[in-house]
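Let us start with two forms of the same protein chain, each given on its own as structure tokens and named structure 1 and structure 2.
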Structure 1
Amino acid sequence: MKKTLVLSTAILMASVTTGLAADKYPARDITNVVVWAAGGGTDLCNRVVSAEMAKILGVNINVTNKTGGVSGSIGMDAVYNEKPDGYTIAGISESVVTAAVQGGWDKRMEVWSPFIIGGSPDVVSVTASAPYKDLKELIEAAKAEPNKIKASASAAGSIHHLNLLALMNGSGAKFNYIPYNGSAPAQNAAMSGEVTVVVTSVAEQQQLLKGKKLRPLGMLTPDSFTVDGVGTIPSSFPDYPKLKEYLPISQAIGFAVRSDTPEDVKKTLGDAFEKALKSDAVKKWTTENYYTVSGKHGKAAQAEFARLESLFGWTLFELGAAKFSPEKFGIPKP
């Protein structure tokens, strides 16, 4: 009888211990599904921060890429259809907020709880062999022969696409826009001669600018921007003041979990996220790669994405580049 009691107690204790272990998050590796192509800003930011978070959480965070669809919709859909337990997260950027008005997603951004790493400003550049020495020359050429000059700005509905649309509307130029599934493929298209103009972020272009593979013509921000080894890139605003009607718009690169993920899981991720951003490795990388760190998560990050969803959705609609009106999804005007 005594042996039976001891054995039963041992089994009970083992069951309790196993139950506690099962409840502890994270108990296994996490998968980060980046919705944009490998090598782009969203991909690189997620890989750097995920590596630091993995050290803090004590599990691997495996970063993969699932591109395609509209505004990252295929990758978002894949993550959304997984159990909301924090083991599958979506590597996203601000550009996913246009997925609904672009016709690739039927949900509002409120279904996500984002963690915002930060962003880098957009720059208009041309291939090294292009004849345009400054932005005025490029704009005048695009006005003289509308839709002849090929330009890429990542995927349709992305922040880079919106910046290109704003440049066209603010200057009167007309480019032949060629979409790609991410900034890296868009920049590779310039290297292969498929396009002449590229609009992506300074962070994404910096190595190509330093290597003189691309030539910067103008920042799509009110201020100029200095890149080590390249020099100061002038703002496009003085020559084209109408840009102020649409710009500037900022990046919000990071990752997200479903908003119905348990609060304790989101807190664990949030604590690790905050520590990762303060790590020497992340600080060094963001500084060297021209990123401004945000660090927002929780309600602050949800509010930021709601603001971007409104701003981007209505801007895209007013520029004539949206499939549906934001009203269809109950997205308020900014």
Structure 2
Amino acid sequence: MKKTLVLSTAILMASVTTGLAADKYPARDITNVVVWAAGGGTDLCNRVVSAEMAKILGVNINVTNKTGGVSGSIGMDAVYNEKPDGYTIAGISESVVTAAVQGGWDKRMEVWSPFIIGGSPDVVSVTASAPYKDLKELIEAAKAEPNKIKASASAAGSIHHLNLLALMNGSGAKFNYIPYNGSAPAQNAAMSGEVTVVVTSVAEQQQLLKGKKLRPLGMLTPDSFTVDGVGTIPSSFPDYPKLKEYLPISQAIGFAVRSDTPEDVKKTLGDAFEKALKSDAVKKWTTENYYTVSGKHGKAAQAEFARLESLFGWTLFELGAAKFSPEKFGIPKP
């Protein structure tokens, strides 16, 4: 009795595994393991795009969240340890590039082949009651009194912090950086007047800009940006040409498969990815939420992540906030 049961189970299992492997990709549901918590920007982007890709691929894409570790290392490690068959993908953002220098895991970004959905550009804003009408006034005031004007920009080492640092380096102004645990509390502090300046993304600030709770001064991108009801926010580059040396540092939200995934699987995913980004649902979502769509995948996306990795790694190292030197992993200087 026992023997028959074991035998039949074994046969069933064997047939299932081989049966599935024989089919062409995708033959079963795909799992997207987002390394950040549910409800955040990375999670939302991945859910919206995964839903469209699922329609195109004809299978479900289950979006789950596996959080924790250093810069999303637990989630990345879990996906990395799965078979590179394209059935488990990692939902990531630019922040994961610091996992190695922060001691989270021992691999560089080259192990991934990312599909970059895009991100929202960063904007410099001030408290609504602040006296500064444009970026020049703010920078001049900051130059007159270095380290006096308080600025918030999410957590230390975050993308917004790097943007603030780039603004300081490019303009020569010195702000007193006050860290907050996330963009929402950083913006809250700017509203309540605890700090004067806040650097976060347009997507995160849009409601506060429209509601006149914050006043936008300039974009940290080469192009200006239009927000309904607020008008066009000018780029900061014309006034401070030196910014070009440091910026733009833009978000790169998306997902990734292991780079040793078979090429045909990557191609199937890439085609579905491109189609999904062109779909009405994704277009509507990205415009209404002020995301700039990138759509890079393959070599271009890998190059983008390599650039971010060296930028983040070396900046953190120079700030004394990295655990290991980027050299340890052979990460080149930006």
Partner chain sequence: MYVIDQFTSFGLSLYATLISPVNILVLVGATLLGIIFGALPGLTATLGVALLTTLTYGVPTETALIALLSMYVGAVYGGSYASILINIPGTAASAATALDGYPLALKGEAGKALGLTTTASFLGTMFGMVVLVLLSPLIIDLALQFTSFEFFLLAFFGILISGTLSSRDLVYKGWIAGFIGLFMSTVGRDRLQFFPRFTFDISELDAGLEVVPVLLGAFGIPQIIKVLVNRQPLARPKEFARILPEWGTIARNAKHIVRSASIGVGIGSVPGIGEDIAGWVSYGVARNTSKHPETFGTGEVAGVVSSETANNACIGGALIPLITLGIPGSPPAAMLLGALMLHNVTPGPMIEFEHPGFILELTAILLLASLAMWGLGITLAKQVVKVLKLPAQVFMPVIAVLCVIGSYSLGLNVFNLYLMIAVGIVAYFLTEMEYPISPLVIGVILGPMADENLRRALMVSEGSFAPLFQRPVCLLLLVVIVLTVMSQIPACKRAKERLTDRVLGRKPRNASMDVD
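Nothing here was measured: the structure is a model prediction, and the numbers come from that model. The term rigid core refers to the most C-alpha atoms you can superpose between the two forms while keeping them within 1.5 Å. Reference numbering: structure 1, starting with residue 1.
Practice task
Could you point me to the form predicted together with its partner chain, 1 or 2?
Solution key: Structure 2, which is the form predicted together with its partner chain, differs in this respect from structure 1.
Practice task
Would you say whether Thr31 and Gly68 lie in a single rigid part, where the chain moves as two parts between structure 1 and structure 2?
Solution key: Note: Thr31 and Gly68 co-assigned to one rigid part.
Exercise for the section: Could you let me know the angle, in degrees, that the smaller of the two rigid parts turns against the larger between structure 1 and structure 2? Expected result: The rotation of the smaller rigid part against the larger one between structure 1 and structure 2 is 31 degrees.
Practice task
On a rigid core superposition, how far has the CA of Ser201 moved between structure 1 and structure 2, in Å, if you could check?
Solution key: Spelling it out: core superposed, C-alpha of Ser201 shifted, distance 3.4 Å.
Problem - Cα displacement of Met219 between structure 1 and structure 2, once the rigid core is superposed (Å) - result: So the C-alpha of this residue moves 6.7 Å.
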